[in-house]
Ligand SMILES: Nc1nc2c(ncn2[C@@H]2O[C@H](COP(=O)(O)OP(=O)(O)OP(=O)(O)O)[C@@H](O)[C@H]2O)c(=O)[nH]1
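Take a look at this single chain, the form predicted on its own, given in structure tokens.
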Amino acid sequence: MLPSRNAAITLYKQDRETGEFPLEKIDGETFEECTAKLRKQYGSGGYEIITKRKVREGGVLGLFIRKKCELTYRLTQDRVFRSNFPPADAGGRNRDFEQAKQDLLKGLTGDKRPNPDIIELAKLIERKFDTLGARLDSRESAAGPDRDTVPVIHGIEDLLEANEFTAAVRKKIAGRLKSELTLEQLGDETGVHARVRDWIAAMVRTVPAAEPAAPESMGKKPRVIALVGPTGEGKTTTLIKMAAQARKGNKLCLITIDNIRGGATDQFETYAKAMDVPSVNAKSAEEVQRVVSGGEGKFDILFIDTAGCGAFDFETMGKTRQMLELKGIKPEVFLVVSASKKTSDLTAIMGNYDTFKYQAVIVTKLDETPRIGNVISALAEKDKPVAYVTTGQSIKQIKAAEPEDFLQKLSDMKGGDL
């Protein structure tokens, strides 16, 4: 006959008809406590959690109600486990097990003098049992605490999804929380949020490459800055903003090679006259080269505005790239993208515009979107730095990018900052 459930050894078997193990329940003050009880009883594997729920018990007229957590679980393989064992004594032997063994031997032999062969068998079983227990304890210790059910980790994953971070970024951050933080640290929600904030900030690489250098550092050759990107991203407006900032202490020239968009040249010339700087409408690579070569010793910085084209318009990209291949001078190229685009569009743009070998990204229209996880995810996936951010149409609404420009857009969906 099999030992009872309250005996020192319990045998769990599959149901012959359904092929499944019976459902069991375990409760505690928290889900972490329930999981800890499971691991203490069964080790680090061999069972699956079916449901998790919070239950109410007790109470009179709606008062003194106690809440607790309950897990429903099922074993996943035939196993023999130690069950309901009190702690071992100082000698390492469990007194209840020893008594159960002696009672079993007496029952088998029918007298008070056990058969020597049965005694040897009992000792062998005991040694095997102790070895199994040691292995289970070792596996549990090596595996460490179970963090899969820690509420704050699931909360962070939901928060990141609400802020439009990609699944890859959410998985990476959740993995770091599980592997790098202790259970005690995970219990500090404010600390966890601060840690995640730091990790997100580290994903935003910034460079000062777009900042104009002092004229004397450039020698006789002018500095050439070109902006590229799809139509409608705000390239022309951004170029004018950059020129306005660089105007103080520098002699500038504005060049447009956008001969596709109707009215683009008139708009460009209007901006140039407002700033009182010369402008040129170049229709070929040779014209661009003449302006740049003629600017030696005459201009400190030349800004080039290019025609917009789609992320997959490789023909227009190729023509634009040829017009930027200058002899004797390597232009500093920056890719302009809008913060309101979805992640897949941003990654396609950043990847396909690699043909220009741009130094960094300029993120425009940061004020036009309530979520910024899409931009951070794309920058991280393509490993691109960001140089500038813009937040409106005013010439002054542009600044060198900082991680905080992106972090302040993050929300935990409860009205507070992450």
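Please read all numbers here as calculations on a predicted model, not as lab measurements. Start at 1 and count along the sequence shown; that's the residue number.
What follows is about the form predicted in complex with the ligand, which we do not show.
*Find out whether any non-hydrogen atom of residue 29 is located within 4.5 angstroms of the ligand in the predicted bound form, and reply yes or no.*
Looking in the predicted bound form, residue contacts with the ligand do not include residue 29, since no heavy atom lies within 4.5 Å.
*asked:* Taking the ligand as it sits in the predicted bound form, is residue 368 near enough to touch it, meaning that at least one heavy atom pair lies within 4.5 angstroms?
replied: Judged by the heavy-atom cut-off of 4.5 Å, residue 368 is in contact with the ligand in the predicted bound form.
*With a 4.5 Å heavy atom cut-off, would you call residue 332 a contact of the ligand in the predicted bound form?*
It does not: once the ligand is placed as it appears in the predicted bound form, residue 332 has no heavy atom within 4.5 Å of it.
*asked:* Even though the partner isn't displayed, in the predicted bound form is residue 267 close enough to the ligand, meaning a heavy atom within 4.5 Å?
replied: Yes, contact at 4.5 Å.
_If the cut-off is 4.5 angstroms on heavy atoms, which of these, 391, 41, 352, 359, is the one near the ligand in the predicted bound form?_
By the 4.5 Å criterion, the partner-contacting residue is 391.
*Pick from 196 to 204, 231 to 239, 178 to 186, 280 to 288: which stretch has a heavy atom within 4.5 Å of the ligand in the predicted bound form?*
The contacting stretch is 231 to 239.
*Note that the ligand is not shown here; using its position in the predicted bound form, name the residues of 306 to 339 with a heavy atom within 4.5 Å of it, in sequence order.*
Heavy-atom contacts to the ligand in the predicted bound form: only 308.
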